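What follows is a single chain, given as structure tokens, in the form predicted on its own.
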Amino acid sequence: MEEHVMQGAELQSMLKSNVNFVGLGGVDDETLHLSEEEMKWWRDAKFGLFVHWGVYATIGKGEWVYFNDKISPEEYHRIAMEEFRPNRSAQEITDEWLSAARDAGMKYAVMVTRHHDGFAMWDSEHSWQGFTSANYGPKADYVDAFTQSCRRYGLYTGLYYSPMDWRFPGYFDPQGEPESAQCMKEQAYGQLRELCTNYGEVKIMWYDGGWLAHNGSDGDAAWLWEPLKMNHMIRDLQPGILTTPRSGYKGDFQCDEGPREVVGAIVPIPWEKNMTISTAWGYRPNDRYWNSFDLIQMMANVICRDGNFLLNVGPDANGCFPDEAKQALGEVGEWLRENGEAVYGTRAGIWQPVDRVYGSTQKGSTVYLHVWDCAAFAECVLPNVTGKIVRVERLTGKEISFRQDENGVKVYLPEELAADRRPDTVLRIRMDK
């Protein structure tokens, strides 16, 4: 009997969580589906870096400034040529990013290669009007530098690409401006071929903005983009590459975008939480930044619901990570060096999360209990499970008392844990099978 795969509204209704998947309802083709083995590296990696950087960093009002401020094409081109001139080499810039990502415990990285403003961050032959970082101010290929840095620092390579382009009237009126829309589509296909051909192995194509005229869904725009054709093309060039659903194809994992708290049950499909470390994806001076305590709790809540966590940083005009971001990433890295065993290579655990109190992850016969509120957890009895608990301990190996009977499982936290406020207190639970 063929397995029934939930999609669209049916799947959304089954999600006992507050995650919001914007890509549900995309077109599908079973020949594009990846196996569990092909998805394994990504599901094991758990934590990744997202980087939004381009001409908009020079302006300092976020990545949508070209559209929001109605900047003329002539003025935006002038800014790209005269003001977007980082004072360091491309390799120095991307090495800083990937070095920080490695030290933060991230296992993959995704760079914005071209946002909706149409400015390509590489030497793109298919860029309409040659609007690229190789032709304009920096005179550099940042995708080349980024992919080299990923390999140098041991991170899997992901590339973000937006098919939509605000420079084309055909994006805003594809029916009334069909030639313009077709030109935009041809640019997308040509640039995707470049990205999947010229830079070695690419593990993720992180699509964004397949919708048209800022209306409807990505799936609604499939008639223009022909996403099945598009994704067969990139799979031929990069076998096993993972894709987000934003091209109009359902993709290999769903995305929940934004900083809202994750609550509810384990999510039954591969998914990724995408958020930025500040309030904007692109750089803004004097922005507010998340602290490491809250970032660790967000990550723990995501992985206990079987998701990945992709965290964005917007570098400044010179490609530098803001100090606040560097500090938070460094502190997250310190936590992961002590607790990474309970994160990497795990899947959602045997207990459903209890919002703001605890969740669990699992690896083989070992379960990791993630406690976010020790005082509240002290009042909890965990539901009973199949199998016998052999030992409960800190990750340091120090044993912790517990009781398992027909009423459930009671874990007795030592006083020093119950009184110490941590973002995530991790316990290792060894099962007999």
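Residue indices: 1-based, along the sequence shown. For clarity, every value in this text was computed on a predicted model and none was experimentally measured.
Just so it is clear, the following notes concern the form predicted together with alpha-D-glucopyranose (GLC), a form of the same protein that is not shown.
- Using a 4.5 angstroms threshold between heavy atoms, residue 127 stays clear of alpha-D-glucopyranose (GLC) in the predicted complex.
- Using a 4.5 Å cutoff between non-hydrogen atoms, residue 115 counts as a contact of alpha-D-glucopyranose (GLC) in the predicted complex.
- Although the partner is absent here, residue 52 sits close enough that one of its heavy atoms falls within 4.5 Å of alpha-D-glucopyranose (GLC) in the predicted complex.
- Put simply, residue 67 is far from alpha-D-glucopyranose (GLC) in the predicted complex: not one heavy atom of it is within 4.5 Å.
- Although alpha-D-glucopyranose (GLC) is omitted here, in the predicted complex all of 63, 206 and 281 have a heavy atom within 4.5 Å of it.
- Remark: of stretches 27-35, 44-52, 395-403, 370-378, the one touching alpha-D-glucopyranose (GLC) in the predicted complex is 44-52 (heavy atom within 4.5 Å).
- Between the options 148, 297, 238, 274, the residue in contact with alpha-D-glucopyranose (GLC) in the predicted complex by a heavy atom within 4.5 angstroms is 274.
- When alpha-D-glucopyranose (GLC) is considered in the predicted complex, only one residue from 257, 123, 103, 226 comes within 4.5 Å through any heavy atom, namely 257.
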